[in-house]
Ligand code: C5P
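Before any questions on how it binds or moves, here is one chain, the form predicted alone, in structure tokens.
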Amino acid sequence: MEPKDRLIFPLDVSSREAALDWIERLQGQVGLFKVGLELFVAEGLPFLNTIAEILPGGYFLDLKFNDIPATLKAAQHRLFKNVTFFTVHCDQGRQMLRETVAALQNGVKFLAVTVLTSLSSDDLLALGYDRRYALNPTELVLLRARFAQAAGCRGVICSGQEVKAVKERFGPDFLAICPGIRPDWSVVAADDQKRVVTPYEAIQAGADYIVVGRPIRRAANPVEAAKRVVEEIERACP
């Protein structure tokens, strides 16, 4: 891949017009655009049909499905036109994850969400996780990545702090996509991300793709900010 192909930009906006504006501004600077829950709830299936037409090379649909397989199979029927990546949660456990991925097979690369990058060890302890996993989130990520690989997922969503361990344990072909990316030159006010790394650190550790939103979106010059991220990616690529 070219360095820019590894950069995913999330369309975390609440209108079709804003999303299309970001696509127009950044289409030559990023490799993939991501549609998440905010935009999907605001604009629904009609917008997915639009983005499938204007991005024939594909896009990332990040809805983090988490329900019983029968429900998810019924819900996904109209979602997957030109979708490259689609996310499901690991929270439902091994058997449910396996059944979900089997039910949703549609030529799409399924990614399992391991541990959200907004969660810290204190958060995991408060949620009742065993101290072995709460105090070392990498162990929880590896546990869930093992479930994901066995279920047939093409990779996982994890923080850059865990990606090296994921790659060492599951091999280079098991994809690792990292959100929670914060360049040293970026300041994000009221940031909810806790397990963060720089673009350089994530790629050097083995990330296949990084998701960078607010550091680009809130920059005085988003195009230049995207270029700076790509430059970091290029420096880190083997």
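Please read these numbers as outputs of a predicted model, since none were measured by experiment. Residue indices: 1-based, along the sequence shown.
Keep in mind the form predicted in complex with cytidine-5'-monophosphate (C5P) is missing from the figure; the text below concerns it.
Do Ile51 and cytidine-5'-monophosphate (C5P) share at least one heavy atom pair within 4.5 Å in the model of the complex? So Ile51 does not count as contacting cytidine-5'-monophosphate (C5P).
Residue-level question: is Thr117 within 4.5 Å of cytidine-5'-monophosphate (C5P) in the model of the complex, judged on heavy atoms? Result yes; Thr117 sits at the interface with cytidine-5'-monophosphate (C5P) in the model of the complex.
Hey, in the model of the complex, does Arg169 get a heavy atom within 4.5 angstroms of cytidine-5'-monophosphate (C5P)? Outside the cut-off, so no.
Using heavy atoms and a 4.5 Å limit, would one call Pro215 a contact residue for cytidine-5'-monophosphate (C5P) in the model of the complex? Judged by the heavy-atom cut-off of 4.5 Å, Pro215 is in contact with cytidine-5'-monophosphate (C5P) in the model of the complex.
Among 199-207, 178-186, 24-32, 65-73, which stretch has residues with heavy atoms no more than 4.5 Å from cytidine-5'-monophosphate (C5P) in the model of the complex? Contact-bearing stretch, as computed: 178-186.
If we check cytidine-5'-monophosphate (C5P) in the model of the complex, which of the residues in 4-35 reach within 4.5 angstroms of it by a non-hydrogen atom? Contacts from 4-35: Pro10, Asp12, Lys34.
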